[in-house]
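Below, in structure tokens: the form predicted alone, a single chain.
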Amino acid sequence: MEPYADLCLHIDGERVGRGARRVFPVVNPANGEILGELPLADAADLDRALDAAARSYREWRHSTPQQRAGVLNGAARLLHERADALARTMTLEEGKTLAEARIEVMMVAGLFAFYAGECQRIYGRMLVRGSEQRSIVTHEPVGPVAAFAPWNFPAGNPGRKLGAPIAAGCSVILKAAEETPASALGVLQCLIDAGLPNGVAQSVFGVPDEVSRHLLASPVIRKLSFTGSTSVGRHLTKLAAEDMKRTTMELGGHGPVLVFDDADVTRALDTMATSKWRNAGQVCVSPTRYIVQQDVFARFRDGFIERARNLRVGGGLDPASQMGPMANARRPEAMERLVADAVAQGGRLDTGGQRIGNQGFFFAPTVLSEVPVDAQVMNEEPFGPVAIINPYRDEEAMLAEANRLPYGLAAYLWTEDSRRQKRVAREIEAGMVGVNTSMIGGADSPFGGVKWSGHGSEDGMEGLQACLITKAVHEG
């Protein structure tokens, strides 16, 4: 079995090792063992990265679409070749099953391939004013990007943060999560090995508040891209506003699932239970609040409980495992707190609700039902393997609950009524809606939310446009 990666920073084409720097211990969530020590950037490292980003941007912005496409297509091919090794690294660092990790690597490869094509379709237009005049509308790269990625998708999130800026002609400084550094470095290495010039994409790690304040205080950075919690996102938005930097914010959610009495309940259960336990529920679009019409509530709840109890939980490297551990010690603690409060408020604990084993960060698939609206878990994203199933009278009450919170990332609805499908999809307040499906993403589809779940989109043509500015040139 291959050893764990040699961790480093990647600045201006150089792998920067520990030296005298502070370090962060990277832990295997399946057993609590330390995988390696990650060097953390100091102020001099960040200044060097900023200088390289400014210098490389002046060159990369003038690269041809064919050059950018060549790098992105090359990186996609390398991701396919290195998929097994990268997936294993992701499982070691984050805990998700190998099957999920392999799918994630393919997602990044597909995204890079998509942007390889999309960067050749950055079109402008000409406005004819008369025989002696014309106006030209062009789209140009916004400039160096500071990108912050969380740990729950160790390759997918860095891939999103790197693909669009590179396709647009921007340079990018990536700060991926300290818990999952080797995965992010693996994605970056594919781009570098595919011919990306030194300094166009760099990776730094460090104390998050130190890194974000330092990078966002620099006039070099012209755009912030962040995926993470709403509280941190609001803080970073304020920092970016000081210099009027463009922002793309993909923040937290609390995914409602509306199950109507005419739904195919078996299909809804098979789909949405599987989606709930994906990555141990540590997914920003994870379905969480199951808003079920009264006539099918008992059947849906009981079917969900059965599926939760039959789920095989274990280390992600075990092919038999269907759900791995949570990613760090903070998550089981949060689950215990939320479950205890829900029960204290009068909710029912139908299954789960406790840790599994005496090593690692495993938590049992948990189903709560008939939970009062003022319980913490009804208002705070659990970000874990906890499903809340409550009965509601009718469509009006179900929509009111779905839209009650200030979050609006992903929502799901299950009904066979085509008129209701259109009506509820229109009325629900979310950036992405799944109708009789849990599949709400794709390389060609915009990914983002509304309200406290953020603004702007990643993926699709919208993700590329977010890294471009519009310029109108008027000629007389």
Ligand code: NAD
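Because the structure is a prediction, the values reported are computed rather than measured. We number the residues from 1 along the sequence you see.
In what follows, reference is made to the form predicted together with the ligand, a form of this protein that is not presented.
- Note on the interface: of 339 to 347, 263 to 271, 390 to 398, 202 to 210, the segment with non-hydrogen atoms within 4.5 angstroms of the ligand in the predicted complex is 202 to 210.
- Not displayed here, the ligand is kept clear of residue 111 by more than 4.5 Å at the level of heavy atoms in the predicted complex.
- By the criterion of a heavy atom within 4.5 Å, residue 331 is counted among the residues contacting the ligand in the predicted complex.
- Though the partner is left out of this view, residue 152 does reach within 4.5 Å of the ligand in the predicted complex, counting heavy atoms only.
- Though the partner is left out of this view, residue 228 does reach within 4.5 Å of the ligand in the predicted complex, counting heavy atoms only.
- Remark: all three candidate residues (177, 236 and 250) come within 4.5 Å of the ligand in the predicted complex, counting heavy atoms only.
- Listed residues 363, 383, 115, 290 were compared with the ligand in the predicted complex; 383 is the one with a heavy atom within 4.5 Å.
- Residue-level contacts in the predicted complex: of 304, 277, 297, 148, one residue has a heavy atom within 4.5 Å of the ligand, and it is 148.
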